[in-house]
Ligand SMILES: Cc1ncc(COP(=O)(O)O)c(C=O)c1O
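Single chain ahead, by itself, as structure tokens, in the form predicted on its own.
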């Protein structure tokens, strides 16, 4: 699809702020909702950013109930990879649920088509899909349990700052799990006070010490986000970690729920180093935000799970499967994986230019449309400055760019070059204004 066509997916007047957000309608509706539903449980109500009430969303744009139109840098918590409410996906889901809304654990033809579609974008060594009906959290739980049953080991290592869902992985099927956290590949705040690349990626080597010294070689798997959301992942890290896993006979679980599905500029972030994990976790952007998840693995690992262990009332329902099929087709049709790569390079270049001009813009990490910026109190000490960041991002929203209010952003993969450049012009304005204040 041409650049002109991508520009037609969203609202044509973005950004357009008609009243300072949150506007009066947003504030009134937020108070009504708060009376019935404690919004703080969802992380809302703490800032002006979280009090905005969305009215509709199209492509890479969002409109609120006050009529403000924003360029969206959230993708609705990283879900709208193919853009917000894509008509093709909506129509496919309508067609599916007009025939069957749910089959529980009985199969239907769309299950086969969804699994085949997922395997078509995955490494050839992975040949089996386990489709779930819930959130990404359930995908990571299924992956961890598959690794433990397959290896017959109980310890799972995760990395600092990597996120794997709103759940504490606890006791399941009568087996106790031992969770360990190890230092991540955070080059902006290295746990070992080393500098990349002269460090030789010691953080990956250190994992081997954790396996031997702290788990006594009882490690089933390492789970990580291949592109770490807040600070990125240095080149070579995944390759080195893959070798650590192979040398110690443990599985590598790639939680690609956020960084996958094309967001990094390839279908999976692991593809950048041609690393094949043992299990890939997928959700969010693969269904355009509808309920559903998947783990992609080998048959040998998948069938290590106990029979009946994936029984779920909503498992692989027709709606989820139709969304997976149509979302992958649409991402291919619009060439959105390549668009994420190209526009991501534009964003990265501009952010690095801003960093060279502003000492307090302490860190920049960008891979495709996974974008992170961090503000610091002092350019030399790199001490994180959350207050300055909050001021900048609040102003950015008030100028018409929807964001989370902190350092990490995930625009839809259909974000146009024009909207990216406009957004970054506004970001520069916000940084200048905060510095003057």
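Keep in mind that this is a model prediction, so the values were computed, not measured. Residue numbers count along the first chain shown, from 1.
Not pictured, yet referred to below: the form predicted in complex with the ligand.
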Any of the heavy atoms of residue 136 lying within 4.5 Å of the ligand in the predicted complex?
yes
Please check if residue 284 has a heavy atom lying within 4.5 Å of any heavy atom of the ligand in the predicted complex.
yes
Using heavy atoms and a 4.5 Å limit, would one call residue 339 a contact residue for the ligand in the predicted complex?
no
Close approach of residue 229 to the ligand in the predicted complex, 4.5 Å, heavy atom:
yes
Pick from 148, 367, 78, 84: which has a non-hydrogen atom within 4.5 Å of the ligand in the predicted complex?
78
Sole residue of 297, 327, 219, 258 within 4.5 Å of the ligand in the predicted complex, by heavy atom
258
Looking at heavy atoms inside 4.5 Å, which stretch does the ligand contact in the predicted complex, given the options 301-309, 269-277, 205-213, 250-258?
250-258
Within 133-165, the residues having any heavy atom within 4.5 Å of the ligand in the predicted complex are 135, 136, 137, 140, 163, 164, 165
